[in-house]
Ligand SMILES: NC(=O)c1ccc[n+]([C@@H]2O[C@H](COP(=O)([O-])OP(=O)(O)OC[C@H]3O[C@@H](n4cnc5c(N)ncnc54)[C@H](OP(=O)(O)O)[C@@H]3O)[C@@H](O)[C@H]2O)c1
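Taking the form predicted alone, here's one chain by itself in structure tokens.
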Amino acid sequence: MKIIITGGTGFIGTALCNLISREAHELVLFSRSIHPKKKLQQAVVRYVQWNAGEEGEWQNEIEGASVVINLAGKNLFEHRWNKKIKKEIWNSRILATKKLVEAVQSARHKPELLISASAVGVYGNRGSELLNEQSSTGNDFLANLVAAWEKEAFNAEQAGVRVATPRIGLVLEKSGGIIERMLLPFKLCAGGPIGSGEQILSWIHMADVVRGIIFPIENKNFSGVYNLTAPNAVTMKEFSKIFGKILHRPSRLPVPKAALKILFGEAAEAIVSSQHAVPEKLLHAGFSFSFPEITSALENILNPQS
């Protein structure tokens, strides 16, 4: 099976490639930087030059592919948000997905399936409200961005391609994301919850993220939007308390929202927003989470030898 992945060298993409490569697939990674052909477990991996939103030789690779997985997008919190950064964030998702879908539509032998990443940020800041796949979307920058991102992906359906968009929650993995940012302060006994601590985190272990992304490949009748989050969300305060307990460190020094605004600008609102997303569709389809509880998830990441 030929599988194309955009964003395959990123935080989630790297873990996804490691999982997919356990089978003898042909993996084609669309990347800004070219790497030599290599063997990754059983799969042969090829890198193809790809600049998000621009035409190129990558379009020919769509021909004959079975699955396209779109993970491309600029890191949301790499820089302080301003007009320029927000435009880059928007274009890295919307224009890239638009060009990708146009290539899918133009292919003579089209992929059977497009899996295009989404995020629980589509719901906006919703407090403790339970959010399933039928819940309404929000109206802030991030919510509008994700809604537009999903809309571009679903245009592939016009060409008869099945589309699935996993709304991914807060991904837990030691090599990046929130875990990496929190480790040093906690090790220095200066850790604590971010913001008020009352916001709800719809989190998910990386092992379940990658399994959830490929779920539509293995389940031919599965499509549409679906929440890719663990079934048991927690507050930031609970998360920090368990984080500190596992590391044998206190969790007493919160990071105030005012400090986040200095560092991240408007993005601070997104960082402390609250979404209680539930993976109703996945659970109904029979998906089994390896890490449904936050304690076992953090133990596995922070103290893997236990």
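Numbering starts at 1 and runs along the sequence shown. Remember, predicted model here, so these are calculated numbers, not experimental data.
Keep in mind that the form predicted together with this ligand is missing from the display, and what follows is about it.
Proximity of residue 171 to this ligand in the model of the complex: non-hydrogen atoms within 4.5 Å are present. At a distance threshold of 4.5 angstroms between non-hydrogen atoms, residue 226 is out of contact with this ligand in the model of the complex. For residue 119, a non-hydrogen atom is located within 4.5 Å of this ligand in the model of the complex, even though that partner is not displayed. Although the partner is absent from this view, residue 17 stays clear of this ligand in the model of the complex, with no non-hydrogen atom inside 4.5 angstroms.
For this ligand in the model of the complex, the listed stretch (214-222, 232-240, 90-98, 157-165) containing residues with heavy atoms inside 4.5 Å is 90-98. Between the options 73, 195, 124, 191, the residue in contact with this ligand in the model of the complex by a heavy atom within 4.5 angstroms is 73. With the partner omitted from this view, the residue of 62, 27, 52, 267 that lies near this ligand in the model of the complex is 52 [heavy atom within 4.5 Å]. Residues of 120-158 that come within 4.5 Å of this ligand in the model of the complex, judged by any heavy atom, reduce to 149 alone.
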